[in-house]
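Take a look at this single chain, the form predicted on its own, given in structure tokens.
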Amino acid sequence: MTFKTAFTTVAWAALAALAAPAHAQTPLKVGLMLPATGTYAALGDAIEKGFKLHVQEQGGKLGGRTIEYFKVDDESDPSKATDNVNKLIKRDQVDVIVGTVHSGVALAMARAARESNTLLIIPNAGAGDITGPLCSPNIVRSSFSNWQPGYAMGEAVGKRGHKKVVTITWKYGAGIESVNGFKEGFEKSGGKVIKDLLVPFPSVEFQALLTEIAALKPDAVYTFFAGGGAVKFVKDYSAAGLKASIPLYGAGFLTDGTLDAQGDTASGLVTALHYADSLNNAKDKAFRLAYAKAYKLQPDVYAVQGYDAAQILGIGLKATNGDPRKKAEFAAAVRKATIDSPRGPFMLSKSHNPVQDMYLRQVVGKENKMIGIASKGLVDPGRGCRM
């Protein structure tokens, strides 16, 4: 190579570097605000693993940019949520936030994201207000609304011929919204909820309420619990002798990620959710194999939601040449996209919530086996969204 040719090559390389957007030369700052301690710690870990798996599959880049992670334990405490999320927004100056599990915490995160115009992708929390009154072009959910599995299960329980149901959940947003969704679907099918029972969050003292359920003698019970609370409730329900006489139904979080700890007490339980084990589609097979290889664990719905959060981020960044500040272009791209998810393909609604099938699942051994579809292509109503 001559000196002239070498000089020309270097010059063109320098010009190309100058022509490239400045942001493309720097890592994308991704803030992970997930539970690292407490009841939901295992859920946060699965979401993080799922998110990072997709990034790894893309060679460590999304939208042409390498990823730099910043982490904050959300503590599952709404009273600390604003301070915690501001550690990522103001201290770390992240480009995008991914989180969280607890609906109360996620609501505070959504308000902070709206105020700062920070891109927020929610990989679990199903609070209705996030894709309702708080909806925004810079906020996207990769999971579900609390209404969706509740409504689907309500329809399914009604179709099974049950007429009188008692509900039980923690006294917090996610549980109450799930129960309200169940009521809407169940009462539409001709049933009646005769009593709503509430447990202070995160208490797992259920005995007095289980005694009340036995006295009420409903046709069935609907519940929303997750994580450690779900493990304890299922065990206590069985130990109280109720499982044999009063069928227990729930949103799928009751038995997702909890089956090892619940053991035989979960056998036969029927739940509704947007994911099930062994869905047998090509994407799910590949995902489960890759996840097992990477982490020596079987994935659950939380891992899927984390994986799809990364997919959505990648789609938006590709459309904006890696620039998350282009919120309108990002939003338009993800709304037009079909996300090839392990749960099956889905799109986003106008309020940025997945439009997806709700599967009817039954616990068989250590799996939540699909036994049918509780609701096909269920769209969250997005009540109050003005986007």
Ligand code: PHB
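Start at 1 and count along the sequence shown; that's the residue number. Quantities reported herein were computed from a predicted structural model and do not represent experimental measurements.
One more form of this protein exists, namely the form predicted together with P-hydroxybenzoic acid; it is left out here, but the text below deals with it.
Not one of F287, L313 and F346 is positioned with any heavy atom within 4.5 Å of P-hydroxybenzoic acid in the model of the complex. Contact with P-hydroxybenzoic acid, judged by heavy atoms within 4.5 Å in the model of the complex, is confined among 192-200, 290-298, 171-179, 154-162 to 171-179.
When you look in the model of the complex, the only residue of L43, L62, L32, M358 with a non-hydrogen atom within 4.5 Å of P-hydroxybenzoic acid is L43.
Proximity to P-hydroxybenzoic acid in the model of the complex, defined as a heavy atom within 4.5 Å, singles out one entry of F233, W147, Y275, F253, which is F253. Put simply, A226 is close to P-hydroxybenzoic acid in the model of the complex: some heavy atom of it is within 4.5 Å.
P-hydroxybenzoic acid is not drawn, but in the model of the complex it has no heavy atom within 4.5 Å of T167. Contact annotation: G126 falls within 4.5 Å of P-hydroxybenzoic acid in the model of the complex, judged by heavy atom distances. Contact check for S103: a heavy atom falls within 4.5 Å of P-hydroxybenzoic acid in the model of the complex. Of all the residues from 294-324, the single one having a non-hydrogen atom no more than 4.5 Å from P-hydroxybenzoic acid in the model of the complex is Y302.
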